[in-house]
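Below you will find one chain, with nothing else, as structure tokens; this is the form predicted on its own, and questions on how it binds or moves follow later.
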């Protein structure tokens, strides 16, 4: 499968969809999490939505998404985005809420302008929570991508797994699963290494 290019091409397709969904989830999730933590009106509006959609199995939205977007990359990216955004929102929200008021008071007493408090104090202090949210969202994106590709895709690792399972080629099926799991593991390890490098100052307390 590697020599024919079948495995590599489908892996690239799946990773492209995961990257697209994760990117949107990170950008929108962090922005929304900060807004919910600092703006009561935003929190009151979005908090019930987040609470209701968190336990919702995102693959259940695939048929509806197919009606809207068809069997396309957009449909897969959209469902991955929905699955990955919630951990980012929740962790960002709690990260901002957990910022010690004494840090803000100290910054102001040392002459930090009000407009710089967010960038100099709130954002750095909440970064470990945001990073944790991204790490939680990562495996969610991988899981959802396979579920989506079972139904709403004609390519990708999920499509390969479904195809070989239907025709009884279980050795090929397990080969695809093994490669997918190993790639997900490597990406998680790289993510952890990056976080540990840039969050050396954080003791987790």
Partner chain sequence: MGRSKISVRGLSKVFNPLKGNPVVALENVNFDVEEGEFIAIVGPSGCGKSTLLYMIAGFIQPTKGEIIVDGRRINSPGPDRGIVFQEYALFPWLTVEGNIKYGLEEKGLDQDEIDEKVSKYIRLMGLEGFEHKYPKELSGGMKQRVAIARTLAYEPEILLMDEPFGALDAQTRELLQEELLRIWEETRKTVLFVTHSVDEAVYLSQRVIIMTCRPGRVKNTVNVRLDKTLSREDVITSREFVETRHKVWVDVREEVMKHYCIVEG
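Numbering follows the first chain given and starts at 1. Here the structure is a predicted model, which is why all the values come from computation and not from measurement.
Below, we refer to the form predicted together with the partner chain, which is not included among the displayed structures.
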Going by a heavy atom distance of 4.5 Å, is residue 96 a contact of the partner chain in the predicted bound form? no
Taking the partner chain as it sits in the predicted bound form, is residue 74 in contact with it (heavy atom to heavy atom, 4.5 Å or less)? no
Even though the partner isn't displayed, in the predicted bound form is residue 102 close enough to the partner chain, meaning a heavy atom within 4.5 Å? yes
Taking heavy atoms only, is residue 134 within 4.5 angstroms of the partner chain in the predicted bound form? no
Out of 89 to 109, which residues reach within 4.5 Å of the partner chain in the predicted bound form, heavy atoms considered? 102, 103, 105, 106, 107, 108, 109
